[in-house]
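One chain is shown next in structure tokens, namely the form predicted on its own.
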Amino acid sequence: MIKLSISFLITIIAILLVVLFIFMVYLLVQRQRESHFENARDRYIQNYSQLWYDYLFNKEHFSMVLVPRGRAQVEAIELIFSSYLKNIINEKVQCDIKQFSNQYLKKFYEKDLLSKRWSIRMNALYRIADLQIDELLIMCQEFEKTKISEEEYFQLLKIYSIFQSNLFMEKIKMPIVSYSESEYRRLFVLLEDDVFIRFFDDFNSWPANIQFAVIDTAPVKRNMQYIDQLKKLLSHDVAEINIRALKGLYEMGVIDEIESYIPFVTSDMWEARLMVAKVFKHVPLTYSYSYLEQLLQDENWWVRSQAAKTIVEDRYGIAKLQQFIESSNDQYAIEMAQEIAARKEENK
């Protein structure tokens, strides 16, 4: 058995106590620094929020006291700007924020891009995009040449999509990283319509994840020019593209003719039949009932249910379902029509 002398144990304990003391001092110093930072940030917000509001919304003269002196005040301005950009759509305000950020915040984010800490670099990239600091575009391109993460590259793509659409398209065509559909949607929704439409012009050259993201983004942008683009995809030879195009057209909510959709009533894919039953919500029942009646007798429960729901939404829908119940021999379809009609009656 190893015997430890009392003096050795005392030495070990003393060392541990010193280490613990140093650690506690470090934590106290860090906490004091954080507290000082937060107080400086909050003081700026308290003292100058009204000045910012008057300058941005009441057309008051700009005051140099608003120019940040230090990181705490930069963070305070970020919070003020973020609240306006998220909650208020005003081109003049956006323009003033962009001008101020390019003039007075640029140097802070320029320095942050050179940081060794990933979180600081990412925050700078987020702010460059949100505040539209386009004067840092060249530096962002230089930053791309360094060893960066996939997250940083994604944020660079977002910056390019805002500041330089041609550069953005080049990067998408020659991807360093392949992202998910949801990530591409986050990029595409930021694009101006004259840029986004280019994805449809060369649709078949894109990989599937980009194709799907393009289709899913179109209805979100709410521009009628995408209706024709989505309708063209109804004749695509990939079933998944057909189904997503149907979904996009349903979400757009404008159906100018019915002929393009009729083939999907007898599609081999139940998902396509389901989506066309949804699309017919935007078509007068006078034109769509014969097809919905066929879908009401579909072998798939979801299709039958959706066809009944679509019919019952029409002002004469309940009467149509009652008429179907009395004349049909399809027990499953009759039960579905009865269920949906009863539910509609209960909710009146």
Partner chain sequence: MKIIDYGMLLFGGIILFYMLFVIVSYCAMFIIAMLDLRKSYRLDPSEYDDAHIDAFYSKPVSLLVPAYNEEVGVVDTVYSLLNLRYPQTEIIIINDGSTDQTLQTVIEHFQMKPISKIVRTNIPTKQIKQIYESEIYKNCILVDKENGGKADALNVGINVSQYPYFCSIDGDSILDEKSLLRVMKPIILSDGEVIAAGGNIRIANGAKMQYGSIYETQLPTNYLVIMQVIEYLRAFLMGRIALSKFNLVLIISGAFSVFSKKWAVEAGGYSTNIIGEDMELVVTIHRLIKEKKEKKRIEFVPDPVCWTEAPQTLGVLRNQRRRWHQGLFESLWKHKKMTLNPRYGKIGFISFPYFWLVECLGPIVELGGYIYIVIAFFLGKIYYEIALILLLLFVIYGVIFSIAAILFESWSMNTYPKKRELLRMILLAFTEIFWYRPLTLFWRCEGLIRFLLRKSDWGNMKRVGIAEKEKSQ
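Quantities reported herein were computed from a predicted structural model and do not represent experimental measurements. Residue numbers count along the first chain shown, from 1. Just so we're on the same page, rigid core means the largest C-alpha set that superposes within 1.5 Å between forms.
The protein also exists as the form predicted together with its partner chain; that form is not presented, and the subsequent description refers to it.
Of the candidate stretches 314-322, 62-70, 298-306, 285-293, only 298-306 contains residues with a heavy atom within 4.5 Å of its partner chain in the predicted complex. Proximity of 106, 139 and 273 to its partner chain in the predicted complex is absent: no residue of the three has a non-hydrogen atom within 4.5 angstroms.
Taking the partner from elsewhere, residue 335 is found to have a heavy atom lying within 4.5 Å of its partner chain in the predicted complex. Among residues of the shown chain, residue 330 is not one whose heavy atoms approach its partner chain to within 4.5 Å in the predicted complex.
None of the heavy atoms of residue 161 is located within 4.5 Å of its partner chain in the predicted complex. Although the partner is absent here, residue 34 sits close enough that one of its heavy atoms falls within 4.5 Å of its partner chain in the predicted complex. Among 115, 180, 235, 99, the residue placing a heavy atom within 4.5 Å of its partner chain in the predicted complex is 180.
A single residue from the set 185, 278, 231, 171 has any heavy atom within 4.5 angstroms of its partner chain in the predicted complex; that residue is 185. Scanning 193-221 for heavy atoms within 4.5 Å of its partner chain in the predicted complex gives 209, 216, 217, 220 in sequence order.
After superposing the rigid core, the Cα of residue 29 is displaced by 2 Å or more between the shown form and the other one.
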